[in-house]
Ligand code: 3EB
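What follows is one chain in structure tokens, specifically the form predicted alone.
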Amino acid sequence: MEYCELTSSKKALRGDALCVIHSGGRVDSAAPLTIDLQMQRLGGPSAEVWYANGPVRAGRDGIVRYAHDDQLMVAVIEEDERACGGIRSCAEIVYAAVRKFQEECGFPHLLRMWNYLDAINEGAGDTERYRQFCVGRALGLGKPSHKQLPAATAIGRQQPTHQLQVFWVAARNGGTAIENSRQVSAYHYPREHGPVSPSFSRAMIAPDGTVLVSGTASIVGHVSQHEGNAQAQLAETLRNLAALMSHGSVRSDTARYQDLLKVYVRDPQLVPMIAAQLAQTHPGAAPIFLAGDVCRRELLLEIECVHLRLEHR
């Protein structure tokens, strides 16, 4: 996979593209599967492209659109909350469809998931939309083992779409979930963070060795850090990313890697500061910056990462 520019003649889409993910506007995409995040891009490449290794099949199964080669599948569901009775019931419907599709599609192992919804922090206490989303997600998924939970991101759109968008990467062979030694596993969060703990792992090592890192923010243990201080939150977030990369299963691999970073920020004015810091810590990374709200209202930014194993690009 790669992050690249598809909005001009600077970059032509390769013929082996499996899926193109972009953020608003138009891109030059003839990929078997295209996903529009409907979010404001604040900087960086216009598209995320997943490539196939061999013949591709694409289609639709009920509310699921998908494309896959022999080993990897990308799929997406986009549902209007208004037709489902709200975010909780919409999440339950969507995740029940994910579970059913995964049981039958031939790619049973979830590696990575993304969840985008409007107004993620709206509501107080347990009525907050993110907490209600987590309840619906858990009901739809059933009770998978913690070892089976994929890496994930959940971000709020800043412009209304009324749509819950869930897309995922799945494989024929299972990956290895890893956790961050600096943080309580999300699925073990205490009750103060909601009636149902979030259903994801901190990162997933894919079968080819690529590390798919969940959306990561300024949290130590289970507590948000540095409220109101974006620079300190960025530093804490980078420490969390470094801790995941120091995990024994990652550190023991002698292959060459490239980091692909996607940064979500509440306030576009934060982008220059974050970009300058990332240029020092991840030189040459060319992050994608998107305007989005993090699942905790006190958090100002979140970073996800693909630690890409270059031999398997």
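What you see is a predicted model; the values in this text were computed from it and never measured. Numbering starts at 1 and follows the sequence shown.
Not pictured, yet referred to below: the form predicted in complex with this ligand.
To test your reading of this chain, name the stretch in 102 to 110, 162 to 170, 195 to 203, 67 to 75 whose heavy atoms come within 4.5 Å of this ligand in the predicted bound form.
In the other structure, the partner sits against 195 to 203.
Run the contact test on R137, T153 and G215 with a 4.5 Å heavy atom cut-off to this ligand in the predicted bound form and return yes or no.
Yes, each of R137, T153 and G215 comes within 4.5 Å of this ligand in the predicted bound form.
Just to confirm, C295 within 4.5 Å of this ligand in the predicted bound form by heavy atoms?
Although this ligand is absent here, C295 would touch it in the predicted bound form, with heavy atoms inside 4.5 Å.
Within 4.5 Å, heavy atoms only: does I219 come near this ligand in the predicted bound form?
Judged by the heavy-atom cut-off of 4.5 Å, I219 is in contact with this ligand in the predicted bound form.
Indicate whether Q233 is a 4.5 Å heavy atom neighbour of this ligand in the predicted bound form.
Answer no; every heavy atom of Q233 is more than 4.5 Å from this ligand in the predicted bound form.
4.5 angstroms heavy atom contact with this ligand in the predicted bound form for Y116
No, Y116 stays farther than 4.5 Å from this ligand in the predicted bound form.
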